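Presented as structure tokens, the chain that follows is alone, the form predicted alone.
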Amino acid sequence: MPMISLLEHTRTFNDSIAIISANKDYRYTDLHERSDQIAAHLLGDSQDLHEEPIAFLIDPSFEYTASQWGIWKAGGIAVPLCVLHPEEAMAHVLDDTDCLRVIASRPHIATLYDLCQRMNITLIDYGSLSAESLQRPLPDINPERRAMILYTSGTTSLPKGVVSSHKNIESQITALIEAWEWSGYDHILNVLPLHHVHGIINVLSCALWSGGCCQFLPRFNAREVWHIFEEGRVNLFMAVPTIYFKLIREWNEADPVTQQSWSQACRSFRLMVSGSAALPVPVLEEWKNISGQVLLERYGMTEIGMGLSNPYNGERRPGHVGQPLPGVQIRLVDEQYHDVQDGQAGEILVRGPGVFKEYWKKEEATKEGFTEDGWFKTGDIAVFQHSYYKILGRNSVDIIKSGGYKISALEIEDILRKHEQIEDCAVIGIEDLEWGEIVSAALVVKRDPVEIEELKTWLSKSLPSYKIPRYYIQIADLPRNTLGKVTKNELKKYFNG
């Protein structure tokens, strides 16, 4: 019997509704039965997958959850692919993980077919997996074993694989269960992508650990979210600031009777959370006026899960991310890694059982990510004042936070430089109330000006839509310091001019 705490813990909930997907209710027994079948198929004649990476491309759904659990039950490492990513981005993940098998739902089979053929990867149609009960023993899984690889944009041009163990995941979940007082009565709507910790851990896994229900809406639609709120079953909601901005806009465009109905629906919620990007105070205040809810801001990242949170019971201070979650240790340090005094800015260091295991196949990057005494270097700058932490930004201008995504400017620059008309470029984030930051590019061209719409089409072959710059300028040269490094903060003035 597997020793994975999440899976074992949920066996006690039996006939409770675990997931609502495509307007159908699935019970915990359904989820375990289906994931057992998937595990048996993946194992074949083997007794244990022994941490084989298994990728899967499935929309947020019951099928996604059953596939993730089936991989875990068979002893594999779950590698969720992003349904929005172009072929090139998925190829990087499959190549980097040395993946030999991919599970895909029917809509995505065509997307992956040619790629898997070229890479000699076995493509498994989720619908072809037998629904017959397959009785066979499943391997015992030590909690220290690798469970999941999520890809995150860092200060290098290509995303790195963040490896979490089953123990890491359990620690991330239980910290939030305690801090946010999850229970079996909870019913949460999940509108977030499931290749990020926000959707996988904070929403889906916390709901299932607690015996609650996770309802999926694979494609965000503001009006549909409001209608689901009106139904009265959902009592938790978690989203990125951009989503709250869109919900506010939809509310403002509605007639007064509809506005009143939507606002009343929000009154029954016990918790609404905002994360993955800084929440503008005006958005927080307008959402409070509409819903009566004070959004709970928290801080986390792929490598640590969640680290800081405003209190569930207590003051939720605008522009701040509260205090450390249970089991999490936080330090703020200067460039020499000496602790700074309260009120002074410093880089956030994190230590605790939820911190990731390693960067996949990147021993040096893993070593560089930690101090000698085991603290993870987040690269984020914060200040601790009046008992609350406040995030000030990153120590690298090469990470752009837009719509809840952390985007590597260097990755986009590398691709832009491949265009035959572009001599050089620099990518930055321009502050925006709705998106947090908007990806923007400064181009130095070789000859005639670049046609921007044609450039966007060209970029879409290599980048998902949220990484494609929306603002462009074409200039004679990039501003640089005496060492020849592009001064990106100076570059922002070109866009604001």
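Keep in mind it's a predicted model, so treat the numbers as computed, not measured. Sequential numbering from 1, following the sequence displayed.
One more form of this protein, predicted together with a small molecule, exists but is not displayed; see below.
Taking the small molecule in the model of the complex as the reference, which of E413, E358, D380, E286 has a non-hydrogen atom within 4.5 Å?
Only one listed residue qualifies here, and that residue is D380.
Work out which of K73, H108, H85, R298 lies within 4.5 Å of the small molecule in the model of the complex, going by heavy atoms.
Among K73, H108, H85, R298, a heavy atom within 4.5 Å of the small molecule in the model of the complex occurs only for R298.
Might V397 be said to contact the small molecule in the model of the complex, defining contact as any heavy atom within 4.5 Å?
Output for V397 is no: heavy atoms all beyond 4.5 Å of the small molecule.
With a 4.5 Å heavy atom cut-off, would you call R101 a contact of the small molecule in the model of the complex?
Because no heavy atom of R101 falls inside 4.5 Å of the small molecule in the model of the complex, the answer is no.
Would Q215 count as a contact of the small molecule in the model of the complex, using a 4.5 angstroms cut-off between non-hydrogen atoms?
Q215: no contact with the small molecule in the model of the complex.
Do S210 and the small molecule share at least one heavy atom pair within 4.5 Å in the model of the complex?
Although the small molecule is absent here, S210 would stay clear of it in the model of the complex, with no heavy atoms inside 4.5 Å.
In terms of non-hydrogen atoms within 4.5 angstroms, which of the given stretches 365 to 373, 415 to 423, 387 to 395, 74 to 82 touches the small molecule in the model of the complex?
It is the stretch 387 to 395.
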